[in-house]
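Take a look at this single chain, the form predicted on its own, given in structure tokens.
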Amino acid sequence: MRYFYVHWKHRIPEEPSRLWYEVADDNFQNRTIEFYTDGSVGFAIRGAALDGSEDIEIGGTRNSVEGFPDLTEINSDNQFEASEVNAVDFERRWSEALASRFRMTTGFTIAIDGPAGAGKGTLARRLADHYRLNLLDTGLTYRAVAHSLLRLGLPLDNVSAAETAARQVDLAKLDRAVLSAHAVGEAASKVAVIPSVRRILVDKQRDFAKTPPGAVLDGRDIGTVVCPDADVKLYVTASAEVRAKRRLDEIESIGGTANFDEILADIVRRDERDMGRMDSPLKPAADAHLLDTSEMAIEAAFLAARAIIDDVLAKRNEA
């Protein structure tokens, strides 16, 4: 197999497309992807073109009986820029094409649950960026409620005030820098046990998940409560000791100081509170894929998650 990338400039600036070819012997249309400037994607697989956008027809993409043109020949035309690429680059583009085609016909939701410090937030950001999906850290919604109560000097168990704060949460204006404060996090885990607050925020989170082209949501009850019908469910975990060490390293990396034993005790308390609450306790969904990152770097976790998601997308596109 050989793989090629061709930038087809066209004569109209709005029309350029980026083409990726997998060449098998003399069949150079074995797998072909076309990415358009408007975000739509078309591709062919060993035969007639399949167009995911359903509004742009791809012509001339049936398998060719001729060999792939020499790169010098292609580049002699100033409308093209061609180069050979490796299999990894092509497969990455192929997975993007599958994801793009599927999203054009239906939303796609990835639910990520797990305890604090397991790496689910970083993984969620990587996946949302890779698959071009909306991203929501649902924990920030509870932190927003807690921050509002703290700012107003109201008790965290004031149900009426907490409900009002929850209704006022704007998912488009969640300030991670402000809401990431440790005190806000502690308060959030107490606010989160109020059933009526959870119902209000869950409704907002579900609406977010339905926003095209789909979303990656991370939290504590995404796969079990917020999006029980999510296309992919991941449960990301790690030992309490590993998570405590990561938190200590994070604090020290920005010049702070902390005590490992105190951090570990705090994590254990939070786990017990999250897992033991009556309403929407933290637990993996029955059909969730488990990713234990205790001895796994984020890149390895990302690749493992991608393999799971790409398999789901491929099966959906074949259906």
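All values reported here derive from a predicted model rather than from experimental measurement. Quick note: we count residues from 1 along the sequence shown, nothing fancier.
As for the form predicted in complex with a small molecule, it is not shown, yet the points below apply to it.
Annotated contact segment (heavy atom within 4.5 Å of the small molecule in the predicted bound form): 185 to 193, selected among 167 to 175, 185 to 193, 126 to 134, 208 to 216.
Only one of the listed residues (K233, R243, H147, R198) places a non-hydrogen atom within 4.5 angstroms of the small molecule in the predicted bound form, and that residue is R198.
Relative to the small molecule in the predicted bound form, residues G139, D221 and R277 are all within 4.5 Å by at least one heavy atom.
The closest non-hydrogen atom of R270 lies within 4.5 Å of the small molecule in the predicted bound form.
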